[in-house]
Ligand code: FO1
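We begin with a single chain expressed as structure tokens, specifically the form predicted on its own.
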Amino acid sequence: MALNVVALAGGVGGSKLVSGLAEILPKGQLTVIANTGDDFEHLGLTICPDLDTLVYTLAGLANPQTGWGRVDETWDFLETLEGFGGPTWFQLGDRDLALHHERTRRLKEGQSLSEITMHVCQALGVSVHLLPMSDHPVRTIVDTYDGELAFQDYFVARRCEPHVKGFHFAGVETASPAPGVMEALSAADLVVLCPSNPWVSLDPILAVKGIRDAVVEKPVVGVSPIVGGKAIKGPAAKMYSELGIQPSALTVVVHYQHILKGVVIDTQDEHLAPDIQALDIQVRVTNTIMTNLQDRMRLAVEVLEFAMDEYTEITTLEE
């Protein structure tokens, strides 16, 4: 049987597992729902950081050193802007800038974000079905002791320094899933929660009307973004600590306790497996750190094998 997989993803960690899944699954069997809660407007342009990281990674264009932005990037625009005293806190490379400009132009013409994303994927040779979580603007707001901050202000401009108190998603009350999102979830045999920040990468997706309810109806396997009490990349562990929660793979599982059927954790966290199983959630222990494409593919295979071992409705994976 064909295995239809839907992955929820945002950020560098999510894009790595998605690229592994894309390598091992036959064409047409992977749909990725991307976080757009960190989208923002800058220099008159609409910028979609998580969506673009996924696009560049799947197209083989991502910067291997940073995981975000394009490989072999140039910075003439930013250097010139700095000379004029313009805002340069958000790194916009010359090639990357072209995508933001074209997206903004098409949005002003009345095209939807999902239509534009499809066009960009076709132009860059990405065959994976990549969907924004919504065509409606949803903006992640970080509540800090310095006040409420737009996510990119907190994450990039302030370098995650303000102490976090909580999060909310402006506009989510009136947002609906992008075309194809609910259909993909309905047809899914498995939903994968990629190793992305729970609060600012995956929670915005799950907060869009109807998505969480659709996900709960499916077998769901997650991969912990916390390894040995630390985040591989990004501020997730810092956020946990500031919210008064011990950062660990176990607390990630607790966050998704009512969604997950199984979780993949790193070998460094094997000692947490009994506590996770006590929550009636199955555990696979393996090396979850992805340093190259082979690591991504190996982890993707283990995630799918784990799901097929645990859930009888998924019985085989086509080669």
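Numbers for residues come from their place in the sequence shown, where the first is 1. Since we're looking at a predicted model, the values are computed, not measured.
FYI, the form predicted together with this ligand isn't displayed, but the following is about it.
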Completion exercise
Residue within 4.5 Å of this ligand in the predicted complex by heavy atom, from 90, 77, 199, 169, is 90
Handout entry: Heavy atom contact within 4.5 Å of this ligand in the predicted complex, the stretch among 124-132, 149-157, 220-228, 106-114
Key = 149-157
Practice task
Look up in the predicted complex whether residue 203 has a non-hydrogen atom within 4.5 angstroms of this ligand, and give yes or no.
Solution key: no
Handout entry: Residue contact check: residue 68 to this ligand in the predicted complex, 4.5 Å heavy atom
Key = yes
Problem - is_contact(residue 262, this ligand) in the predicted complex, heavy atom dist at most 4.5 Å - result: no
Handout entry: Any non-hydrogen atom of residue 52 within 4.5 angstroms of this ligand in the predicted complex
Key = yes
